[in-house]
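Quick heads-up: the structure tokens below are two forms of one chain, split into structure 1 and structure 2.
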Structure 1
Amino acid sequence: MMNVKGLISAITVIAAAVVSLASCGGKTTQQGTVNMNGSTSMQKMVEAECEVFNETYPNITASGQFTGSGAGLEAVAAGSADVGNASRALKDEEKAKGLVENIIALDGIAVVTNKNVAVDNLTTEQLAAIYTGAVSDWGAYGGESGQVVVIGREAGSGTRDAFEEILDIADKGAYAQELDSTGAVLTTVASTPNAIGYVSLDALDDSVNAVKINGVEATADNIKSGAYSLQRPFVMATRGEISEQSDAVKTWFNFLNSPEGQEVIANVGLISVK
């Protein structure tokens, strides 16, 4: 039978082995969940980041719901989500609730038209006039005469908030349709003659025409340089500082700032803030 001295020695060896194993395999021994909610504009990035993250940390499950920026921030404030994804800067009243603005990337808001619209350049003033209803015919801007069909996002959308704030037209919008996702705006503009809308840059495809703003194309380089004016931050808000979050959430943010996380941001067409 092993004496007490021998038993203590054996326990010490086992404990040291466990510590050694944990330190060598940190990525696989961490456990927990990262629950996110918020912006539909951020869905492509969030899902791509989750895919890589969940492979790297198989014992931590990161997942997102996409119910709009406002709803996501409310979920974090209420404690029903760990991270609130917002495709705009936080408002003062949201910060007053203890939410912290963690900017992950920059995104451009691309202005898009149906393929039948010949106008390929607008000033910010002209764009504001369209979205407030002051100008309602494409003929005013050199296109063929036709009623402009104004498409946008629903109230509470981070994309809409950022778009209207940049143009200084908050609460002045004259929308023909208000839709609840980036994809819905893109599809509706593509299928509706004379339509105009706005979408996240990473959603842009050849089903629509992309409009230059003040003569500048919506590209990653132009956003990074500041030449393209319709841009906004992608925020992952937390209730309190990142350092106050669970180990799983802290691991998530560490991953986002790693070379692997930054590569995902670049691959989905966003601009790194690092």
Structure 2
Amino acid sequence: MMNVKGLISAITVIAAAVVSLASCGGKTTQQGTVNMNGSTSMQKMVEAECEVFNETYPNITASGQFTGSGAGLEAVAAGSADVGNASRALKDEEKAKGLVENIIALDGIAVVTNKNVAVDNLTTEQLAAIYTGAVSDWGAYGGESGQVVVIGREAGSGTRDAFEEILDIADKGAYAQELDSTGAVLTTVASTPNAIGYVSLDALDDSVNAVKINGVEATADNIKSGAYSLQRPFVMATRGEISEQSDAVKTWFNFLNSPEGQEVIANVGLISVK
């Protein structure tokens, strides 16, 4: 009797051990690569995610090339990349090629002015007019008369890239000052009367006025709901649904949706879509 009992318990223990080994083996022995290609604006986020991902899953190699949104989507459509990074929504003709839009995060930009500026609401058209130099006085928008000091970021900055892309004023920006960091933009706007600038949403603070765009305040909630217009999605497009992808790619998307992946998104100043 004792022997039988001992045998049963031994078998149970061994079975449990085998099951748990198998399940955890399923995670660590998973192999493969995730090749990404696309937007330079997403470089910071993608590289940060890859770093954590490659540590967590040593047998899967996730890596990205940064050649631009359009080129990335073409690469996925042609099958030369697993994931196409695009810092914009997919166009209909791209969706027609079988690409699926997986929005990973949202990039929001806040427009800030010096505290002396009374204008607290601008339409996107008005904003574009200020940044192209067509309008140069706050009086035109109902503020106290005073010439606008137009402050922006340097060429190559992701924030500038996004700002000009959303307003459709790429390479038409007429800047009085091109500063090389978000902090410099904030302090300069705060210390220069009649100045206007833009920063990523997470950098916003009380030293400056945040301007409503088309009547909508710059908050994470308004960006998620889509009401705030100075935003763009960060898309990781796949050819067909995620469920049709290789195990490595599925693991990649599972990781992005996990708390670790979401933490990285928040750390690089983006807004989670979850």
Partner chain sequence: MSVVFFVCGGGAIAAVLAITVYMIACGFPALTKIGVLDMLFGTVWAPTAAEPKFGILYIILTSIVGTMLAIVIGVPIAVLTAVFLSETAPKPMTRIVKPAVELLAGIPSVVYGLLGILIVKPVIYHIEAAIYAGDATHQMTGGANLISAVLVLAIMILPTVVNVSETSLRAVPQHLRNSSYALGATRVGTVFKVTLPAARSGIISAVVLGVGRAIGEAMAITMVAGNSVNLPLPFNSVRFLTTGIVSEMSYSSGLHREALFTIGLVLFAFIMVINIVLNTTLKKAGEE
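Since we're looking at a predicted model, the values are computed, not measured. For numbering, take structure 1's sequence and count from 1.
- [ ] Assuming the other structure does not fit, state which one is the form predicted in complex with the partner chain.
- [x] Only structure 2 matches the form predicted in complex with the partner chain.
Open item on the list: Glu241 and Ile271 - when the change between structures 1 and 2 is described as two rigid parts, are they grouped together?
Closed with: They share a rigid part, so that Glu241 and Ile271 shift as a single body between structures 1 and 2.
- [ ] State in degrees the rotation separating the positions of the smaller rigid part between structures 1 and 2, with the larger part superposed on its C-alpha atoms.
- [x] Comparing the two forms, the smaller part rotates by 47 degrees relative to the larger.
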